[in-house]
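Okay, so here's just one chain, in structure tokens, the form predicted on its own.
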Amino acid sequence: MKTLVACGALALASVLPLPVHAHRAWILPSATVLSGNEPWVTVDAAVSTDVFHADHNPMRLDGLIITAPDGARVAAENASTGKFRSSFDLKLLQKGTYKLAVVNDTLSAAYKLNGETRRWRGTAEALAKEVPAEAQELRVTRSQSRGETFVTSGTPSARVLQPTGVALELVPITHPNDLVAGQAATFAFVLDGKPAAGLPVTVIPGGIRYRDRLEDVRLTTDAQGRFTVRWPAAGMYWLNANHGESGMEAAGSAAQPARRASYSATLEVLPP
């Protein structure tokens, strides 16, 4: 069995049986490093039990943001959503690195009305209009999620790697399209643009449908929000981190909602 080798502060590798209840959101490009004058890439997006195997729900593309190497927004082509996954195509007209992200920011609420427990989900603007003023025991949670992958045509560039300063984001120290099996790569997490110290990070290699072990590695970011991974083999990897508590038990008020920020990325590691 191969196990990821983790480096850096407080790194702790673990090999655990695959949890049967876990659902993971992912964006999977057909390739991350391409050549040619105007190459295409096809991308699948889903929420599934097995990483990169669509078996649960499609990831909605309402929050899809594609950033070109020059910083401009680019539209997806041939977008569709099916039973288990969403898909779209992207023509890489510019040379350099693109960032493909699905970003969501929603509020969830639970409250009692006339003795009944009710739940609500929507935007911050809709909360005051749709939740009755006479609601009792109102609890509100804000959920911010970001799923990303990176695709390069020709030589990698760095402009799209800059964080936006909103919620939880990955800041690659090693370029995400320059990952090689047997070598170490360093990244950092920031929360609202500031180092996310002490943040638990999980990395899982693809193909878990065909093995009985998750083969994950668990890390913790250092004081600068950094962590390092040494890739044991080529392939697609899923990287994930979460900040804050989940579930309505952690909910705050309408004025000050509890907050959960999550991040996931698909990274391709190439052979040496």
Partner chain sequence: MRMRYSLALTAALGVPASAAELMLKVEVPRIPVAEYHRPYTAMWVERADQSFAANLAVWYDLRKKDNEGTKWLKDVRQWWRKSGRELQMPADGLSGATRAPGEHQLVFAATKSPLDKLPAGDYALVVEAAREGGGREVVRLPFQWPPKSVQGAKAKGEHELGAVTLEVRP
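Positions refer to the first chain, counted from 1. Only a predicted model underlies this, so the values are computations on that prediction, with no experimental measurement involved.
From this point on, the text means the form predicted in complex with the partner chain, which you will not see here.
*Asks:* Looking at 103-111, 147-155, 187-195, 126-134, which lies within 4.5 angstroms of the partner chain in the model of the complex, counting heavy atoms?
*Replies:* Result for this chain: 147-155.
*Asks:* Going by heavy atom distances of 4.5 angstroms or less, which of 117, 80, 162, 183 would be at the interface with the partner chain in the model of the complex?
*Replies:* Looking at the other structure, the residue within range turns out to be 183.
*Asks:* Heavy atom within 4.5 Å of the partner chain in the model of the complex: which of 65, 34, 47, 214 fits that? Just give me the one.
*Replies:* Comparing distances to the partner chain in the model of the complex, the residue within 4.5 Å is 34.
*Asks:* Give a yes or no for residue 89: in the model of the complex, does one of its heavy atoms lie within 4.5 Å of a heavy atom belonging to the partner chain?
*Replies:* No.
*Asks:* Decide whether residue 141 counts as a contact residue for the partner chain in the model of the complex under a heavy atom distance cut-off of 4.5 Å.
*Replies:* Heavy-atom contact with the partner chain at 4.5 Å: absent for residue 141.
*Asks:* Taking the partner chain in the model of the complex, which residues along 162-182 bring a heavy atom to within 4.5 Å of it?
*Replies:* Heavy-atom contacts within 4.5 Å come from 177, 178, 180.
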